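What follows is one chain in structure tokens, specifically the form predicted alone.
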């Protein structure tokens, strides 16, 4: 078994993106988070800010899911069109070169690949709240409520497109609490496990 793709799904504020970036750099793999957003923006014509906000979150009031009249969307809602484009891009990136992909249901999209390793990162609510305020710069008077709202959107989006429960352990190869090990410690654990499965920077 040789691992050439690592997906990192994460709770909001768990540090999953930073962890994924460390893992990618360690192996010399391509890193897809903002780069994936940029590719989706180019493919769809949507603003990067729109994709960043809605690409993996289903709005509670579903305000932007009404079908566009443009034939470009083939009768699909904005959400479904964006999902379809992101799915196509993720499949293409996985074929192109070894990579680490952050979120966007990539664990589900690549679930049948034997060369993929799927990770879910979670953390204690108080640590997540501290991170979004002091590191992410999120302006909120109630960090815990913000966390709950963001997680709800991701959970709803994931369930809608995968028919699976976001964060459920059996959807991933491993689930890690970053509060226990810290950002670098959690990344080191993922790196160690991937190496045990047969991944190395020489695979690129």
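Residue numbers count along the first chain shown, from 1. If you're wondering where the values come from, they're calculated on a predicted model, not measured in any experiment.
Only in words, not in the display: the form predicted together with a further copy of the same chain, which the text now covers.
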| query | finding |
| --- | --- |
| Contact label in the model of the complex: residue 120 to a further copy of the same chain, heavy atom within 4.5 Å | yes |
| Distance check, residue 144 to a further copy of the same chain in the model of the complex, heavy atom within 4.5 Å | no |
| Proximity of residue 176 to a further copy of the same chain in the model of the complex, heavy atoms at 4.5 Å | yes |
| a further copy of the same chain contact in the model of the complex: residue 189, any heavy atom under 4.5 Å | yes |
| Heavy atom of each of 181, 193 and 197 within 4.5 Å of a further copy of the same chain in the model of the complex | yes |
| Interface stretch in the model of the complex with a further copy of the same chain - options 112 to 120, 129 to 137, 92 to 100, 75 to 83, non-hydrogen atom within 4.5 Å | 112 to 120 |
